[in-house]
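Starting off, we have a lone chain in the form predicted on its own, written out as structure tokens.
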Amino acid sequence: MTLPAFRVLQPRTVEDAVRMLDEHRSDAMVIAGGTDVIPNLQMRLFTPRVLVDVKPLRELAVIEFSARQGLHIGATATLTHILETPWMRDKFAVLASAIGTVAGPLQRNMGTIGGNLCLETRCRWYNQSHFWRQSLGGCLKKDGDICHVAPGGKFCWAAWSGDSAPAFLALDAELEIASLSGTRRVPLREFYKNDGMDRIALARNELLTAVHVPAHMAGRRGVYQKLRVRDSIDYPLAGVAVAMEVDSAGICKDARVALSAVNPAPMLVTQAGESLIGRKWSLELAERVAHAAIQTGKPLTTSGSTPVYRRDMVRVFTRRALEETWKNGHGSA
């Protein structure tokens, strides 16, 4: 599988980058680590004429935390850099847990947090070579007019298959997005559209520049549970992130649960907080939240596993993540 022909532009500043994106619009793509973009180009899922390389922009690789401003992670900070930040596991346990499961060390060395938050949605009929897709007549997402997951439908069910997004959802993160008109902030929960084709609220002339987590989220207990075929490298077939604040008496003061890989977007389990806050750990309570999780997740046959199995594993992983977080105290109390 060969790459299509393209030019590489290397901006010197964020302002240069958004100007280039604005100039080339639909002919341009952003590249940083390239761990998602390059394989997609090789499969001819995209054929941009221009790649805007933002990896050299040092201002986008900064990781900072303050008790007043909270956590700031620049979009080109590598996953390895985040994991190796000394205070990350203590202050943001669920994020470290999730990022530690992404692919393998080589991919984490190259892959950036911005790229991980802007991954292409995945489907067994979409993420294939051009020759393979052509033999099936394409699909709704690429070169065709049928959804092989739900034949007859006009909605793309390609699944969101990233690991950092549910962790950031559990931490109530916001994204910083730059364009020629300036910088805007958008809550992460509003960034994803739950549409396999039109997946994120990022215009072609905009650039994701940073992720922000509120200061009051620091120190929360948290963990991420991930189902995949091979533990060494694969994308998730299902993922569950839990972040909680638990007092010294073992009572939940706040909690958020988020899912990955079982919908076209990462999603919060909205009923989790109201079920958990003010309660102590019990298996019955964990099962109640796990049931809410499987009502939120809608896995279909978009990857190498059955929907029934993935739904059941969402239930199991939600229960496990709650028990591990609550009883073992991952992160600070």
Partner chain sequence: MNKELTHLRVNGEEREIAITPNRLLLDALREDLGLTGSKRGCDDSSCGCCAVLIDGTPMLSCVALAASYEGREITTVEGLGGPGELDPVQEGYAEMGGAQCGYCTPGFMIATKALLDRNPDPTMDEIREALSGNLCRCTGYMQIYESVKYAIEKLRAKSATQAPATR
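Just so it is clear, the structure is predicted and the values come from calculations on it, not from any experiment. Numbering follows the first chain given and starts at 1.
The protein also exists as the form predicted together with the partner chain; that form is not presented, and the subsequent description refers to it.
Listed stretches are 232-240, 171-179, 153-161, 248-256; the contact stretch with the partner chain in the predicted bound form is 232-240, by a heavy atom cutoff of 4.5 Å. Site annotation in the predicted bound form: the residue of Ile31, Ala61, Leu300, Met267 reaching within 4.5 Å of the partner chain with a heavy atom is Ile31.
Looking at Pro39, you'd find a heavy atom of it within 4.5 angstroms of the partner chain in the predicted bound form.
Mapping the unseen interface onto this chain, Gln107 counts among the residues with a heavy atom inside 4.5 Å of the partner chain in the predicted bound form. Taking non-hydrogen atoms only, Thr35 approaches the partner chain to within 4.5 angstroms in the predicted bound form. Residue contact with the partner chain in the predicted bound form: Ile294 places no heavy atom within 4.5 Å of it.
Shown here without the partner chain, the chain has Leu51, Asp53 in 47-65 lying with a heavy atom within 4.5 Å of that partner in the predicted bound form.
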